[in-house]
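A single chain, nothing else alongside it, follows as structure tokens in the form predicted alone.
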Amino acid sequence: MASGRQRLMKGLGLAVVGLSIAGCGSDYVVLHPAGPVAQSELHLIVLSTVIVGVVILLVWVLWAYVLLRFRDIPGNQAPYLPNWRHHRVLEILVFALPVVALIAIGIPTVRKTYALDHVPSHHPLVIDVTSLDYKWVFEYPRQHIATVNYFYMPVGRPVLFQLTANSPLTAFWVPNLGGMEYAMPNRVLPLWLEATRHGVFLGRNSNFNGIDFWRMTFEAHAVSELDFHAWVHRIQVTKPPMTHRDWRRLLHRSVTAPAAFSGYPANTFPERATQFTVKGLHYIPTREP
């Protein structure tokens, strides 16, 4: 019996360890941030995990203590107090500890949330993002180029994504760079991100919008400033402009291969943002004068 119980406990221990380290490799992108927004969010995840882990450990310790101290066995000397009504210190601790835990999580969360509400630059790269079924269109209003299912961004320069949708509600998410933001029809919502290292990062739609939503992915290429300008120039001189026919084809409900255009029709994105919540910026025109 003892050996069987030992094997069971060993198996449970291995299972717990396996679950605790599962997904911690380089493919688990949330734990491998490549920008200041994602780094701040990772700090909050770690902080919350540590605090919740302490609470869970405390509950387990108390649970084990009660089981061992007050178990019904012959000779148990634990006091039996059938008329016990309250214990002032214990009652204060029961209510105070959760409040302390919530404050310890809440204060850093609020501070970082408000800090990330400000774009750390008055001259970010602006990319207009339109969600379609089942594809993403990225338009660069200042460079006047457009891409489908991929985009380039300079390392070390904040990027302001202005998100809208010509499809059901979706969610724009590049886990290596930061949290998600919704892309909503008839709205333009802002999200700023920044890359601090070179790389190609996978982005996705994290909100169900149809049968092929899982294939609605894109690539974010973080390159040097010189490589970014060289890429823009290459698109401008080698790719044809997007026509209204191309746009209508993109509106069809289908999965589309990556593509690039040296221009695009002016009416494919709203002229002025609504529900604009990112602070620290004056209005950024979406078209060059």
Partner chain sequence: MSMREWITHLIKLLFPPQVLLPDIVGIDIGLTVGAIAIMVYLTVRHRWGWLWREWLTTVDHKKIGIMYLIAALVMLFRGGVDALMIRTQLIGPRAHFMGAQQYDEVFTTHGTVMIFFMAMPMVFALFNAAVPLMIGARDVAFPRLNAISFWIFAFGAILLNISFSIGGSPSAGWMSYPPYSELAYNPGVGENYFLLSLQVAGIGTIATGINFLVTVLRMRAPGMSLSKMPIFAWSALITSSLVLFAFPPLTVALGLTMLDRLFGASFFTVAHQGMPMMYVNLFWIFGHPEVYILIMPAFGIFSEVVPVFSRKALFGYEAMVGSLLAISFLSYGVWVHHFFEMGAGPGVNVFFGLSTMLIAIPTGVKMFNWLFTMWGGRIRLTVPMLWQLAFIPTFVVGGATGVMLAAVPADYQYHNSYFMIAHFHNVIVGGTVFGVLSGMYYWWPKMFGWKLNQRQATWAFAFFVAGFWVTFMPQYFLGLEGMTRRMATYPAGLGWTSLNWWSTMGSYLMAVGFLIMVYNIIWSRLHPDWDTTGDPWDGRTLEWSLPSPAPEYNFARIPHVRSRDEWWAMKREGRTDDVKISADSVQPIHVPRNSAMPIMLAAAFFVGSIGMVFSWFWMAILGGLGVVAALAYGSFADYSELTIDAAHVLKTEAAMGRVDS
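Residue numbers count along the first chain shown, from 1. The term rigid core refers to the most C-alpha atoms you can superpose between the two forms while keeping them within 1.5 Å. Fair warning: this is a prediction, and the values are worked out from it, not measured in the lab.
There is also a form predicted together with its partner chain; it is not shown, and the following applies to it.
Quick one: find which of 219-227, 42-50, 254-262, 233-241 has residues within 4.5 Å of its partner chain in the model of the complex by heavy atom distance. It is 42-50 that comes within 4.5 Å of the partner.
Taking its partner chain as it sits in the model of the complex, is Gly210 in contact with it (heavy atom to heavy atom, 4.5 Å or less)? Contact check for Gly210: yes, within 4.5 Å of its partner chain in the model of the complex.
Do Val155 and its partner chain share at least one heavy atom pair within 4.5 Å in the model of the complex? Contact with its partner chain, no.
Considering only heavy atoms, tell me if Ser167 and its partner chain come within 4.5 Å of each other in the model of the complex. Judged by the heavy-atom cut-off of 4.5 Å, Ser167 is in contact with its partner chain in the model of the complex.
4.5 Å heavy atom contact, Pro141 to its partner chain in the model of the complex: Pro141: no contact with its partner chain in the model of the complex.
Using a 4.5 Å heavy atom cutoff, which residues in 103-130 contact its partner chain in the model of the complex? It's fine if the answer is none. Residues within 4.5 Å: Ile105, Gly106, Thr109, Val110, Lys112, Thr113, Tyr114, Leu116, Asp117.
Do you see a C-alpha shift of 2 Å or more at Ile92 between this form and the one not shown, with the core held fixed? Result for Ile92: no, shift under 2 Å.
Large Cα shift (2 Å or above) at Phe208 between this form and the one not shown, core-fitted: Stays below the 2 Å threshold, so no.
Shift of Val110 between this form and the one not shown at or above 2 Å (CA, core fit): Result for Val110: no, shift under 2 Å.
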